[in-house]
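Presented as structure tokens, the chain that follows is alone, the form predicted alone.
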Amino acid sequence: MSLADSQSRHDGPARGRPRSEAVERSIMEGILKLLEEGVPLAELSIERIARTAGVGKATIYRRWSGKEELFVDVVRAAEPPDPELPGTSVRDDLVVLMEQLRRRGLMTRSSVLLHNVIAQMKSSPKIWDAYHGNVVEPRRRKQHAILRRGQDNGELRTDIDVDVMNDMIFGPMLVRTVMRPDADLPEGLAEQMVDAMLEGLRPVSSRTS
């Protein structure tokens, strides 16, 4: 997936100014060019990014508040887009989100650049906090909303905290994609994991005998 295709599928935060996709694409591609040349994130100043992209610093600051927000958008554009949820059942929604995690794991493994950038982000508290606040937390809130809906409509047990339940469901895929980079991520893994966890998370009267 190209950067242009990926970026067009992310709305991004509203910044109160007319969008210029060509300008934003030029800025992001300028950052990718520097990263591909081996320039560390810590050495990517707004001045250097602007010079590489052929724009003024003011052009960047009109779109992003600083490096942290800009880097988050670059990584988000390189990742698989957040999927549309079918909304037909808790299982169906969880499978879609789990499959997104599986695909993101495959993409991170196949992209040396993305892997290195994420590793560098974790070593920079400000950038990692921005990524966590703008990307990770919204995804987690979406997961929690699905689980609460499942509890409300009787699909899931109500005696387990939603946050704990969320970790139980998504934790195994995160371990497999992040902590075990040599582990297989075959097609069908999302369905297998979700179905296994739901066997224990459904109300007793709804479980498979």
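Worth saying up front: this structure is predicted, and the values here are computed from it rather than measured. Heads up: residue numbers just count along the shown sequence, starting at 1.
If you look for the form predicted together with another copy of the chain, you will not find it shown, but the lines that follow are about it.
For the residues R140, K67, R149, R63, the 4.5 Å heavy atom test against another copy of the chain in the model of the complex is passed only by R140. Here is the short version: of R180, K33, K57, R48, the single residue with a heavy atom within 4.5 Å of another copy of the chain in the model of the complex is R180. Although the partner is absent here, E37 sits far enough away that none of its heavy atoms falls within 4.5 Å of another copy of the chain in the model of the complex. Though the partner is left out of this view, E43 does not reach within 4.5 Å of another copy of the chain in the model of the complex, counting heavy atoms only. Interface residue remark: G200 is counted as part of the site for another copy of the chain in the model of the complex, having a heavy atom within 4.5 Å. The shortest heavy atom separation between E155 and another copy of the chain in the model of the complex is within 4.5 Å. For a residue to qualify, one of its non-hydrogen atoms must sit within 4.5 Å of another copy of the chain in the model of the complex; all three of V164, D167 and M193 qualify.
Although another copy of the chain is not shown here, in the model of the complex the stretch 38-52 places no heavy atom of any residue within 4.5 Å of it.
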